[in-house]
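Presented as structure tokens, the chain that follows is alone, the form predicted alone.
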């Protein structure tokens, strides 16, 4: 009862976007951007017990020019934010960002002037992973959910429009220095 019996004459029809999405999701090359304790959990997920290689992520890339997924693991300081943005800008398109941990997602318990209150003030984020620190299983689950998003990604001018909208939304976000009250 294989796929050959389900398809007439062995023909399978799909779209170019469908094939490209399938190939992209099966070959993520993450950039290492570990800033705090979440980085230990990110490194553990690449080890033999959790084995991210099962999902096409064998090697964490040290060069942003070879990566298409940035995992921001830990708190981002105001001094580190321009470096994060520069690394993001050096990554080739298409690129995705996963904010790992509550510090990267929202600043965490560090509600002060030195820590960026959410990495989405610096780069557009595709997936948020809560936890302090999140377990490797949670990271793998977030990556698998990101795989589903990547498979549905548009190509060409549709993708460019989508990226531009996300980028503009990130740039319109209120700077943390201007936030007042309990939200700060």
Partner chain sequence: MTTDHDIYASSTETTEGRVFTVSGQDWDQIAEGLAEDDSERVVVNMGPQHPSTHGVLRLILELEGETVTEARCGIGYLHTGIEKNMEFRSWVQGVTFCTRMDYLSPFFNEATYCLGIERLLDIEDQVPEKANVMRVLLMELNRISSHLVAIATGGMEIGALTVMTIGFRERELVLDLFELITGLRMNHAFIRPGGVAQDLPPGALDEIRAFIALMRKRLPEYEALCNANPIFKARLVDVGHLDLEGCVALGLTGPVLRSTGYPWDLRKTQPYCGYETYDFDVQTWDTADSYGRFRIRLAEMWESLKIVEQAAERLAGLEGAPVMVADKKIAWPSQLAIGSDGMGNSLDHIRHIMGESMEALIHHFKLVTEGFRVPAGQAYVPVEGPRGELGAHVVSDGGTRPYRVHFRDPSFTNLQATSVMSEGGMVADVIVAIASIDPVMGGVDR
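Numbering follows the first chain given and starts at 1. Computed from a predicted structure; not experimentally measured.
Although not depicted, the form predicted together with the partner chain is the subject of the following passage.
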Counting only non-hydrogen atoms, choose the one of 49-57, 154-162, 122-130, 141-149 that falls within 4.5 Å of the partner chain in the predicted bound form.
-> 49-57
Judged by heavy atoms and a 4.5 Å cut-off, are 20, 27 and 67 together in contact with the partner chain in the predicted bound form?
-> no
Any chance residue 96 has a heavy atom within 4.5 Å of the partner chain in the predicted bound form?
-> no
What residues of 23-45, in sequence order, lie within 4.5 Å of the partner chain in the predicted bound form by heavy atom?
-> 32, 33, 34, 35, 36, 37, 40, 41, 43, 44
